[in-house]
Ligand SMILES: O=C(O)[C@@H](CO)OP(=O)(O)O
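One chain is shown next in structure tokens, namely the form predicted on its own.
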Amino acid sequence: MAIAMLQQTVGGTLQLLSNSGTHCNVGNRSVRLLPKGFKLEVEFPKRAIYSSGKRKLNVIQASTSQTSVVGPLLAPSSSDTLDSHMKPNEVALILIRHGESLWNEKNLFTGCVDVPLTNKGVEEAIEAGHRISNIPVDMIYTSSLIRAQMAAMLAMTQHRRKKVPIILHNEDERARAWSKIYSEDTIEQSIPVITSWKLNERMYGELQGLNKQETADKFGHEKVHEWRRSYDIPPPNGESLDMCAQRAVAYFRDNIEPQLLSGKNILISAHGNSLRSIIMYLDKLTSQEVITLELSTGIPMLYIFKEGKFIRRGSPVAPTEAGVYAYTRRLAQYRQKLDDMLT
């Protein structure tokens, strides 16, 4: 009776074996039911190891005294997959500050002017990539400025998972249609990259493009320091840190935090002031504490989002990955799976 019920539940063919119990073929899977304790063996093809885990096989209780209850069996188990589609109880949030830009090199106020990285900035982005190469990334958010986008893309070239970051273009219907991907396998091996001006650097107004030293000589070092480091005093026709924080934190709450709640591991590549604003929110800093916060380039900061709380797990000053990140058990398991898959 139990055999008939199993066949009705999962389909396929059953074969009675004289000494070793019952053999069941379900599609390209093999199930064997053995007497004395009701041992269950399920064989899957190798390529199923990275499948989404959506298929489910239910084994019901048999009526003989030699069998016992076996609960739901997932194919494959989420603990055996590298990219589980089941919602984890903790996720990673990585913050990267882009490296040196061409205007940083020239000592010019950059703000929202869109200039690329220097060779040094490229090297810093690659170094950042080495430091996050064992941390899962499901989505990437960047500012609309090329230096932040370059930092994210270059960093991801170093990730051991080898997924491809792809910038999403949602400006209009044609942009969406022209950038559509028609392969499910390709989509599975891609990471969506979402850009927003709300993650841009602080807008420096009439200082943009001016030489920092010449500006200090003209207006006085104290006045320029006030424009650069105070919380609520903006440069002429520009943004204060408070104004930058209002847009950056609102964007984080409305767009990024829901993705973290849904179980996505997130990378944000942005700028000193927009990231300083987000860290103020994550770490509950005061306006006086945030103006003294310094963010290193090339050394991403790692947070764990768990049970609605952000826990910082990375130091911006340690020179090695082991020193930078205090890995959680889940991140250690992810790294081990990378080792197993790539060796």
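Remember, predicted model here, so these are calculated numbers, not experimental data. Numbers follow the displayed sequence, beginning with 1.
Although it is not shown, the form predicted in complex with this ligand is what the next lines describe.
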(message) Tell me which stretch of 110-118, 128-136, 167-175, 180-188 has a heavy atom within 4.5 angstroms of this ligand in the predicted complex.
(response) 110-118
(message) So, a 4.5 angstroms cut-off on heavy atom distances: do all three of R97, N104 and K212 pass it with respect to this ligand in the predicted complex?
(response) yes
(request) Would you kindly say which of R228, R247, K264, R161 lies with a heavy atom within 4.5 Å of this ligand in the predicted complex? (result) R228
(request) Indicate whether E201 is a 4.5 Å heavy atom neighbour of this ligand in the predicted complex. (result) yes
(message) I'd like to check something about N273: if you look in the predicted complex, is any of its heavy atoms closer than or equal to 4.5 Å to a heavy atom of this ligand?
(response) yes
